[in-house]
Structures are given as C-alpha cells and as structure tokens.
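A lone chain, given as structure tokens: the form predicted on its own.
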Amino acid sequence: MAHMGAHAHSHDEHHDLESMRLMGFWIFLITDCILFGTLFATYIVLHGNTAGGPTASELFEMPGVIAETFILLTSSFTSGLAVLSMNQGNRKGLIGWLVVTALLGASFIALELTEFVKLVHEGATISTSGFLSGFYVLVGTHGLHVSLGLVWMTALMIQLGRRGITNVTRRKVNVISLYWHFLDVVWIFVFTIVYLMGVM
C-alpha cells in the first residue's frame, strides 16, 4: 500500500513538472509575441526612411517570397500530421513527418539566405538605410527562430528514436508543433506587412 502511495505521489510530481514546463513555454511564447510586436512597430516606423537608397518595390522579388511562404505553410501542415501520427501511437510516422517538416524548414532558410546574399550583393545592406535595418532585423529574427526550431526538432527526433513516445516526448512534440505554427503566423504578418505592402 505504501509502495502504491509513493508511486502515485511520484506520478503526480512528474505530471506537475510537465505542466510547469508547458506553462514556461507559454510564457516564452508571450515574450516572443512582444518581441515580434516591437520589431513590426519599428519596421513600420522605419519603412519610409530609405535615405535616398532603394525602396521595397525596387528590391523585393515576389516569386521567391511566395515560394518561401508556400514552403513554410506546407511545413506547418506536415507538423500537424506529425502530431496526428503521435496521437495514433505511430512512432515511425511521427519521426517521418518531423523529418519532412525539418527539410521544408531548411529549404525556407536556404531561400531566405539566398535573398539576403543577393540584396547585400546589390549594395542593400543593413546599414544602407533605416528601412533596410528594420527589414533585416525583423526578417532575420524570424529566420533565427526557424533555425532554432530546426535544431530543437532534430534533437527531438533523436530522442524519439531512442525512447519512443512517452509523456515527456509527447509534450515536447506538442510544444514544437505549437512553436512552428506560431512562426507560421508571424511569417504571414511578415509576408503581408513587409513584402505585399512593400511592393504595392
């Protein structure tokens, strides 16, 4: 009886710890919302300050940006399929969809880096104007978040390969999926405010 009581107590403690970690993630997400809100506000204030340099409509090439958007939206869908596989207890499917999501995320980063290199090559650097400073910081911060997500996802895939679907890995998959959807929502704002409004 005492053994059962101790087991139940340790299970409750473990459950509380998982809840605390989930709460910590939500706090992190709220601070991230504040960070991006500040960066968007800064960009909106600076976007007209081109200092006689190139404007958004002269610099942005929409086909590449549309491709980036399509890739990231697709990766959000595949991360949802990963969670679905996990809920069905399908470890192979879960890891498979996470691999697809990570590959799509890596493709997005590759396209973004290509765009940055091209802009810098054309002389549109972070120090060219207030508009470009705001652009690089906002878009670069989002790209950095996607890169961190890829590292996190890779570590999680290794953990899933070793331990399978446990309460801990289940929480981690749910958290990375939420994080990924959040980055998708931020990108929709970037696409609309920076690129669409820029070329219009």
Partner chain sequence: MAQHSAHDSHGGHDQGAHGSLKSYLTGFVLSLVLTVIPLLVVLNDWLEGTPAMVVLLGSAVLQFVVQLLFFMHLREEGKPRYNLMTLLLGIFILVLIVGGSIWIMTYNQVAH
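All values derive from a computational prediction rather than experimental measurement. Numbering follows the first chain given and starts at 1. In this text, rigid core is short for the largest set of C-alphas that superpose within 1.5 Å between two forms.
Same protein, other form: the form predicted in complex with its partner chain, not shown, and the subject of what follows.
- Listed residues Ile95, Ala102, Val83, Leu119 were compared with its partner chain in the model of the complex; Val83 is the one with a heavy atom within 4.5 Å.
- Although the partner is absent here, Thr74 is a contact residue: one of its heavy atoms lies within 4.5 angstroms of its partner chain in the model of the complex.
- Interface membership of Ile165, defined by any non-hydrogen atom within 4.5 Å of its partner chain in the model of the complex, is ruled out.
- Proximity of Gly37 to its partner chain in the model of the complex falls within the 4.5 Å heavy atom cutoff.
- Within this chain, Asn87 lines the site of its partner chain in the model of the complex, having a heavy atom no more than 4.5 Å away.
- Residues Asn167, Arg170, Arg171, Asn174, Leu178, His181, Phe182, Asp184, Val185 of 161 to 186 are found to place at least one heavy atom within 4.5 Å of its partner chain in the model of the complex.
- Core-superposed comparison between this form and the one not shown: the C-alpha position of His181 differs by less than 2 Å.
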